[in-house]
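As structure tokens, one chain now follows by itself in the form predicted alone.
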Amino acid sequence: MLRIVVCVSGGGTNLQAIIDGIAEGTIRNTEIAGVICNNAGAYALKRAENSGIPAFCISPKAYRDRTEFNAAFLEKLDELNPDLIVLAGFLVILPEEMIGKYRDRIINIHPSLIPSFCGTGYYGLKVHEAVLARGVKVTGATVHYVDEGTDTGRIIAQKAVEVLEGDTPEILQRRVMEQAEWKLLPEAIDRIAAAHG
């Protein structure tokens, strides 16, 4: 059984896709050991609670400095003892110590086709605004392993999504979620769980 911890910052739609995937059996041999959120007001915490999943808010605001926050974050992760850490819209820079300790066991979903529209400053709606500003016809989502760089880890899977005439960043964001993110992330976890045995 693959034990995963899902880290989220906001609404938790990708978390919901994982919860649903496990419930429907499209993600096999996987259990969510816990959800860690850095934002006390995030709806993702409610989603976890509704599904009976242990959820923890570890916010940088509650600590004196980044070092204290990083230590608390790592301590909670170690306590949950995950085989895989899934960053599902987690807008926190991971401590290098954590990346080293969990090397090749942290994955992230990014709302573009890496290497386009990724790296520092490209997150959330900013990605989709940049896609529309450049006038590209195809965007999508990428699941990748996390390393010390921003969106530079080895790519696991990608899915393309068409950009349509008249798209706004919000409309495009929704389409990328529905057509790519919510399918790609569960598929990647299922594949990793299968290899995990």
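All residue numbers refer to positions in the sequence shown, first residue = 1. This one's a predicted model, so the numbers in the text were calculated from it and none came from an experiment.
This protein has a second form, the form predicted in complex with a small molecule, left out of what is shown; the following refers to that one.
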Considering non-hydrogen atoms and a 4.5 Å limit, does the small molecule approach Ile107 in the model of the complex? no
Is Pro95 one of the residues lying within 4.5 Å of the small molecule in the model of the complex, judged by heavy atom distances? no
Any chance Gly10 has a heavy atom within 4.5 Å of the small molecule in the model of the complex? yes
4.5 Å heavy atom contact, Leu91 to the small molecule in the model of the complex: yes
